[in-house]
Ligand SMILES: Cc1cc2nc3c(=O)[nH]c(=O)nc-3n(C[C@H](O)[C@H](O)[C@H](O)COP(=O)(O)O)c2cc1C
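Quick setup: one chain, the form predicted alone, written in structure tokens, and binding and motion questions come after.
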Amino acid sequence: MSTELEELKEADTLPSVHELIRDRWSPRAFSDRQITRADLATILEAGRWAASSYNEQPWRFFVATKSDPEGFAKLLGLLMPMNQAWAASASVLMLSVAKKNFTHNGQPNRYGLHDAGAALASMFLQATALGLHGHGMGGFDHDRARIELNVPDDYEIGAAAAFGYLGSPDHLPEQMQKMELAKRTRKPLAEIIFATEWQKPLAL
């Protein structure tokens, strides 16, 4: 089933797009197979080398694996119930935060969360290269996360994410099963890529 599902989810891109990008998607169905420490370290290392403004590397990631039941339950408990329902089967949960100000001059860093997102995107692609999948989430209690994880005031709360091996969607609620089995779509480039005038598509 997983192979058929992965084939269904392969993105319909230009042939020149790298297969890692075509194959990356965000499942909700994870198997009980656990990520090894070595693979987790590789995924995190990929995030470490993401690009950032002034090389600030403003991101910090909270990480919990199934081998740490207390930590995993702590991060899982921050998620909204709808996300808890499927993320409980993931192997690893994460939550990102980003430093609000540049270290070298103390000025506001408007790109902190952007750069944290770039780090997470690098992790997703590295996970795909290892035969894993990642799923980002905005559905969690930001206020509780700050309190329960002791996040300093000079860090902004980012996004949550789940990582694991693809599993069968059979155990998911019916609506989620439909989403898992639906073909992936994206807006055409003409709607999102402009030349130097608003809503004037770039000629390609």
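Numbers for residues come from their place in the sequence shown, where the first is 1. Fair warning: this is a prediction, and the values are worked out from it, not measured in the lab.
Although it is not shown, the form predicted in complex with the ligand is what the next lines describe.
For the ligand in the predicted bound form, the listed stretch (163-171, 137-145, 53-61, 33-41) containing residues with heavy atoms inside 4.5 Å is 137-145. For the chain shown alone, residue 26 is a contact residue for the ligand in the predicted bound form, at least one non-hydrogen atom being within 4.5 angstroms. Although the partner is absent here, residue 157 lies well away from the ligand in the predicted bound form, with no heavy atom inside 4.5 Å. Among residues of the shown chain, residue 83 is one whose heavy atoms approach the ligand to within 4.5 Å in the predicted bound form.
Although the partner is absent from this view, residue 18 stays clear of the ligand in the predicted bound form, with no non-hydrogen atom inside 4.5 angstroms. In the predicted bound form, the residues of 180-197 lying within 4.5 Å of the ligand by at least one heavy atom are, in order, 184, 186.
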